[in-house]
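Consider the single chain below, provided in structure tokens and representing the form predicted on its own.
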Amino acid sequence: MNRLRFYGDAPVSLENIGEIRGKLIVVEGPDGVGRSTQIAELRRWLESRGSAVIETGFTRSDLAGKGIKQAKQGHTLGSITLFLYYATDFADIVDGHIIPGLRSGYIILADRYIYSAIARAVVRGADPQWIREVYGFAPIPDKVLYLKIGVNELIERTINSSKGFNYWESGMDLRLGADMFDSFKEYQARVLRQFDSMKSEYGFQVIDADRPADEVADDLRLAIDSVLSLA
């Protein structure tokens, strides 16, 4: 068992949480890189080995998840409102999903974490130090696996997917290009630069995602095995 650590000051309710039995593993990367597909496979793999798993991610909280999705449909959210809405959603996820799961000995698989929120906020003009302090209540994961891909490869995957481009993932609120394609390219390039700037700061383990999915999955499993072998 180990003690839960936080990036900033621990919330008052968690100051005396003591030892925990679970593991928090984050899979990060830009939209379209294949995070959700890989996490679903990891969950099946872990459960087949007898591990208890909780899968979580942004906009999944009971408190704010549905509200964020509804508000974004109108394309009218201001930047500060958006930042704090996501922070509220994440706080509820920590309180309702992550902490209880870790206390009970679950492996928590997080589809994105504070790093996506920070990257997007900084690209939208947030002060980098301020937005990091906003998320200071975040538990420090046992492992952060960053699925790295180039912007051109990301564009190709998005074009070939059934989802295609959307307003927010293209940064259309920032007016970065003449159309959604140009805006997507510039916005995602800026987000990727933020991820790259956080690799050392947050100890990302970089996984080359510009490969067949099964090769990426093999590397993810090896990385998770290295965490669990220390338990």
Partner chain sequence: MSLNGLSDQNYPGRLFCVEGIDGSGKSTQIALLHEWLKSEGYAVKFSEWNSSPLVKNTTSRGKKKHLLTPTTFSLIHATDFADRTEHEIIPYLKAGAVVLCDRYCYTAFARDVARGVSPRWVRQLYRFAAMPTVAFYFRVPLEVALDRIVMGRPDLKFYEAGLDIGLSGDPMESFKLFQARIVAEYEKMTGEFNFTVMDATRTIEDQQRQMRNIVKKHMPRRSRLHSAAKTESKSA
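Numbering follows the first chain given and starts at 1. Everything numeric here is computed off the predicted structure, so don't read it as measured data.
If you look for the form predicted together with its partner chain, you will not find it shown, but the lines that follow are about it.
Taken together, 62, 87 and 92 are fully in contact with its partner chain in the model of the complex: each brings a heavy atom within 4.5 Å. Mapping the unseen interface onto this chain, residue 125 falls outside it, with no heavy atom inside 4.5 Å of its partner chain in the model of the complex.
A residue is said to contact a partner when one of its heavy atoms sits within 4.5 Å of a partner heavy atom; residue 70 meets this definition for its partner chain in the model of the complex. Heavy atoms of residue 12 reach within 4.5 Å of its partner chain in the model of the complex, making it an interface residue. At least one heavy atom of residue 129 is located within 4.5 Å of its partner chain in the model of the complex. The contact with its partner chain in the model of the complex, taken as any heavy atom within 4.5 Å, belongs to 137 out of 137, 106, 146, 115.
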